[in-house]
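Provided below as structure tokens are two forms of one protein chain, presented individually as structure 1 and structure 2.
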Structure 1
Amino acid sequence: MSADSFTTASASTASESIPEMVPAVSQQNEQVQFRTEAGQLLLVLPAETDPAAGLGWSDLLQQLQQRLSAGKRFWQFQAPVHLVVANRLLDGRQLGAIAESLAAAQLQLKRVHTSRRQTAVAAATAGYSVEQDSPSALNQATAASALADPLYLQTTVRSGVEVRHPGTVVIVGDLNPGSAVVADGDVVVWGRLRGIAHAGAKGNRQCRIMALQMEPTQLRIADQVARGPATPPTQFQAEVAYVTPGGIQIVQATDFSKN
């Protein structure tokens, strides 16, 4: 693939960008998150807002499994995990399933933080230590201004999976057609980017999308949209997508870093 056709590809992408504005993502549901706070590994489940719209139990478990297997190399052997469930109701069976998943990744469920009495009882019955925090003390949402720590996933993101994160997302693996990554920071794909990538989802146009092989279904940065070129190039080099006054542009990574 010559530099010329890259220019063509990016020019056409740029001209196709704009018309539709990206829908706001802020009100979308949060996802399962691992965070380290004060040296403790926290597993934070999204708060239950509207049960009908919220993340169902099986989706939640699936997200947890994926985060666990995609972060495998970084978990410390038998590290204790603090499960922060806020106002979500969990029964003994569900707590057991979470503990089992953690155990399969060599992590240990140690303490459950909840604001619900029923969950606290279930957790205590199952033999975990319980902390019945008030919802406000849980500091559920990350501070609005600061981004969360980058989310590093070593996995193939497969069709039907959507990864959302209030920070930068690094995927070591492919982003397959039919999948999506929505990040408030940058999106870095160390592999083939064939799905949808959305960087700066809270509106930051400075954010970038980087991939070893750019064959996106769609790229989004802040409120800008670009479709991938209709005929994908046959050879690839690492590329960077960023916002210019003319819309989203794609350039070779080697050229980008010279700017």
Structure 2
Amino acid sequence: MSADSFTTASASTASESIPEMVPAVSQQNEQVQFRTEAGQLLLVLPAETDPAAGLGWSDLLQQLQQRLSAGKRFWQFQAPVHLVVANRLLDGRQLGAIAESLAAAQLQLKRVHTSRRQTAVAAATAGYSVEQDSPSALNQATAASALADPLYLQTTVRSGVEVRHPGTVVIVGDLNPGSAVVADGDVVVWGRLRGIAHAGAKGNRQCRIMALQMEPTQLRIADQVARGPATPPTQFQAEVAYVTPGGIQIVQATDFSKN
């Protein structure tokens, strides 16, 4: 795929947009909470470090089911739910149990917000959108420049799923049309990149997007945007997208390594 098969533009003029992340949610003494924020329905589980969070997994699940079946409901049926778990470790089985409980109340688990890499991997593998936050800011000086450890996903990211991570994202699998990955670092797809990939999301133009087969809906690096060609290519080689003075350019990985 050649660089001139893409049209570059500033991110402010792109017609596609990627949703903003949900604002931070403070943990309170209550164990399991439902609340609305920014027009979204949040299901908030207590952080594992919360002194009031002494309940085990089975107790948390039971409390969730009680909250779903009792009290006044303030949500619409089939509303998407954003699960906010902070640093609580959840595996695929536990996420499935939460999704089943929500489905029984005619709600849909849509996105998982977590600071745990294992939980993020489990959620993405199960087909949920993921937003991974840094466990702690440490201090303002380092938070602005430091990236989180890379997030490795051995799965195909399906349509409708979005993955956000404050570091590099490596996907061993495909990024399907209708899906998106947003990374503060690089984006590496060891497969077919056919969705939206945004590297350097916090403004770092030195970040790269790499894929074995580059046929994206849209590429973004920092504030730069490139759209895929109208006619998909018939031959593929591993390619790298990076920012040049003229916008985003895409070259074969072998040529990029010579620079």
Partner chain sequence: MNRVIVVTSGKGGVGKTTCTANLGMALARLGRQVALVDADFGLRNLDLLLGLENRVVYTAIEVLAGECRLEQALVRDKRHSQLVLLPAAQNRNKDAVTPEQMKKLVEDLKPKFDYILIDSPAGIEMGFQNAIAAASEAVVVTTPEISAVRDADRVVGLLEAQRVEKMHLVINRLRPAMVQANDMMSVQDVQEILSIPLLGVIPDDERVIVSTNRGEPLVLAEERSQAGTAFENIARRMEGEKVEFIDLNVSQDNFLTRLRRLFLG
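Please read these numbers as outputs of a predicted model, since none were measured by experiment. Note that the rigid core is defined as the largest set of C-alphas that superpose within 1.5 Å between two forms. Residue numbering: structure 1 sequence, from 1.
**Student:** Here are two forms of the same chain; which is the form predicted in complex with the partner chain?
**Tutor:** Structure 1 is the matching one, since it is the form predicted in complex with the partner chain.
**Student:** Quick check on residue 115: with the core superposed, does its CA move 2 angstroms or more between structures 1 and 2?
**Tutor:** Superposed on the core, residue 115 moves its C-alpha 2 Å or more between structures 1 and 2.
**Student:** Quick check on residue 94: with the core superposed, does its CA move 2 angstroms or more between structures 1 and 2?
**Tutor:** Yes; residue 94 is a residue whose C-alpha shifts (by 2 Å or more) between structures 1 and 2 when the cores are overlaid.
**Student:** Using the core for the fit, does the CA position of residue 80 change by 2 Å or more between structures 1 and 2?
**Tutor:** Yes, its C-alpha moves 2 Å or more.
**Student:** Rigid core superposed: how many angstrom does the CA of residue 126 shift between structures 1 and 2?
**Tutor:** After core superposition, the C-alpha of residue 126 moves 24.8 Å between structures 1 and 2.
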